[in-house]
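Okay, here we've got a single chain as structure tokens, the form predicted alone, with questions on binding and movement later.
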Amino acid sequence: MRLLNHRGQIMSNNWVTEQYLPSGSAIGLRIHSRLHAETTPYQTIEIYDTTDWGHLMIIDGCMMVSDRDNFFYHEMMTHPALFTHPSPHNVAIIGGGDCGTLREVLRHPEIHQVVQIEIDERVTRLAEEYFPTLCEANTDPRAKLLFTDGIAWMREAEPASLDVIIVDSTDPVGPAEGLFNESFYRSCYAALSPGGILVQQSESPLAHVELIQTMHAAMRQAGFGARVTLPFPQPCYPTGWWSCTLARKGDAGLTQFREDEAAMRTFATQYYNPAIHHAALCQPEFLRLALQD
């Protein structure tokens, strides 16, 4: 068994299982075969063909994306923030190498440009081969794919040049560790235009509430006013329950969104709709209490 940040992967009897030791839990998917495995300068990437979940990507022993359930994550990482911002035109995605978040952002016709900054190009190239539907927007003229260090890129970004920043990262270890601290949030704050929104995947509200508390505190110290964590289901991640955290530059809040436009959106979704958006804003009591300033 291989462990990273208390997570590990085991294979037996045609199952691939990820164990998450802090919560004493595991998630397993039945597989036909392993389609690909390689170690890049940054991480180990594996692709499996499952019996019921389509293709599955695993990075350093951790399940990252499957064909069957990725829509929960990609839709909640994008549409709540984009419908909350009054007029999002310029977006940056840090990470997001499977390109599902990029695809969802570019469903919004008002978007002028999206820059995706992924440190490991092999994640994207393997996604293009094994998850082609997630990569449908890669050739959109509004999309720009960069393969470099997202922390350095954000530090050097033009001030007030972005409307929304989406941090679609792996767990806060290894290459992603520097994406969860005040210094990085200060870079994001400077790069956002007034009223701009930062979105970051924030792990499981059941297993990682202390991390979410730390994120909120660091975002506040970096200058962000309104902050909210939106829980949503994610079956192939630890505990099956995940979240993203939104933070806003300036005095505007995060509870109002362009509800009529969300209801009349010109693209199909599998999870997101205005009622889901409202529901995600209604936090469970334990999380609400934990995040009180």
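Keep in mind that this is a model prediction, so the values were computed, not measured. Numbers follow the displayed sequence, beginning with 1.
FYI, the form predicted in complex with another copy of the chain isn't displayed, but the following is about it.
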Candidate from Tyr130, Tyr189, Phe180, Phe72 lying within 4.5 Å of another copy of the chain in the predicted complex - any heavy atom: Phe72
Stretch in contact, per heavy atom within 4.5 angstroms of another copy of the chain in the predicted complex, of 32-40, 239-247, 220-228, 253-261: 239-247
4.5 Å heavy atom contact, Thr44 to another copy of the chain in the predicted complex: no
is_contact(Gly28, another copy of the chain) in the predicted complex, heavy atom dist at most 4.5 Å: yes
Partner contact for Ile111 in the predicted complex: another copy of the chain, 4.5 angstroms, heavy atom: no
Non-hydrogen atom contact His55 with another copy of the chain in the predicted complex at 4.5 angstroms: no
Contact set, 188-216 vs another copy of the chain in the predicted complex - heavy atom within 4.5 angstroms: Leu206, Ala207
